Every structure is written in structure tokens, then in C-alpha cells.
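In C-alpha cells, the next block holds one chain alone, the form predicted on its own.
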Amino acid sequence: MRLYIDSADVKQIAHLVEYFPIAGVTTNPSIIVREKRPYLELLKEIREIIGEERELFVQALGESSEEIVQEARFIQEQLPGVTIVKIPVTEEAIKAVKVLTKEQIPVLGTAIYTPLQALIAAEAGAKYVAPYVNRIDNLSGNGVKVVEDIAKLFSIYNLKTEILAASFKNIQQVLDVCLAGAQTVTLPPDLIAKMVSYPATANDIEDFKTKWAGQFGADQAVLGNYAKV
């Protein structure tokens, strides 16, 4: 599994990149607007934080294929490094994906709600598809099953497109889509933190410290210090 940060908060991104094995950052118009900053300035700062080797996802806003292609070219020109253009999957978008694939501009087909949307985007040349797991659940669907079906279709037709699962409300959904075949997930910062946070672990650490201090003293809580005694 590769892990992406679904945020445009530069402080949180910097922290997570320092501590976690982060593959890149995904953004969308709603996330960018939330930061109340000029969008290009913000995206360039994110790129500076994550470096040029990590992937940065930026969504096109155009509705026609011509508008989408024009935006994608602009995004690629303005943001160095590995930049992926996000395109919500519509008929016009599929046309744009075909054009951009020929130009070797990588694309993520986003706002995926059905396996067939994902299949068509993949056949058109999308590098990634992003099924909206929790939003599918909220529409009385089964987001994890959609991911599982997409993975099965990609395997049947030997497609190299990867599943970048998005839209989560809890860690259980993340685990379920990983088991269902998603190669990558994108999560908001709070859910990334919860991937390694568990009360029992904290309790065990405290227990270890207490027993160690009881034997060797509280000032010898670091092994290096003990070795110097």
C-alpha cells in the first residue's frame, strides 16, 4: 500500500512527510479553497515540501475535453516534479484522458462510484482511478465492494491502472479496501495519525517504562544512558 495525504494544509503535510512513509499529496478544489490562499502559490509550496519525486495530484475544473486538456497542460507547466492531473470521470473527461495519455501527462480518474466508470477510465489510459468509498456507502452502496470489483476487473483485463481509494470516515474502511485490492489510499491527516495510534500500545509503553524505572531508576529510561553507567 502507498499512502497519500488528502490535504492542502502545509503544516500538516510537512509533519506527516517527516514522520510517515508518504507517497504524495492529493488535493481537490474544496481542499484548496479551505486554505484561503492563492491556489498556485499554495500548490508550489506543497511541491517544495514534498519534493519532486513524490506525486502531487491537482484537479482540473473544466467541463469540456478541450478545457480539461488545456488545464492539464497548464498544471504540468507550473508544477515541476511528478504531478498527476485529477479528472472527474464524465464522457468529456474520457476524451481528455485519451488525449493526455498520448501526451504522456498522467491522469487520475476521480469521483468514481461504479466499477464500470473505473474500467472505462483505465481503458482510456488513466494511471489511477479513485473510488469514493464512504460517499458510495452514503448512497446506500458498498464502497469496499466497488473497490473489490474494480480490482477484479483490472486483473481480468490485465490493466496496469492502480486504485487510489478515497473518501473515508474510519480506519476500518481503510483496512477493508487494502484487503479488497486497492494499491493506494489517500487519507486526511487525522486518519493517517490513527493508523498507528492505539490505546493498548500507549498503555504497554507506560508499563514497560514503569518496570524499567523500578529496576534501574527513572534517570536510566534511555538505553544509551544506561550503557554509560
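In this text, all values refer to a predicted model and were calculated from it rather than measured experimentally. Heads up: residue numbers just count along the shown sequence, starting at 1.
Beyond what is shown, the protein has a form predicted together with ligand E4P; the following relates to that form.
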If we test each of Ser65, Asn28, Thr161, Gln173 for a heavy atom within 4.5 Å of ligand E4P in the model of the complex, the one that passes is Asn28
Exactly one of Lys98, Lys152, Lys145, Arg135 comes within 4.5 Å of ligand E4P in the model of the complex through a heavy atom, and that residue is Arg135
Query raised in the report: Any chance Ser167 has a heavy atom within 4.5 Å of ligand E4P in the model of the complex?
Result: yes
Does at least one non-hydrogen atom of Lys127 fall within 4.5 angstroms of ligand E4P in the model of the complex? no
Exercise. In the model of the complex, do Arg2, Glu55 and Thr184 all put a heavy atom within 4.5 Å of ligand E4P?
Worked result: no
For ligand E4P in the model of the complex, the stretch among 127-135, 87-95, 152-160, 71-79 with residues bearing a heavy atom within 4.5 Å is 127-135
Applying a 4.5 angstroms cut-off on non-hydrogen atoms, the residues of 1-21 near ligand E4P in the model of the complex are Asp6
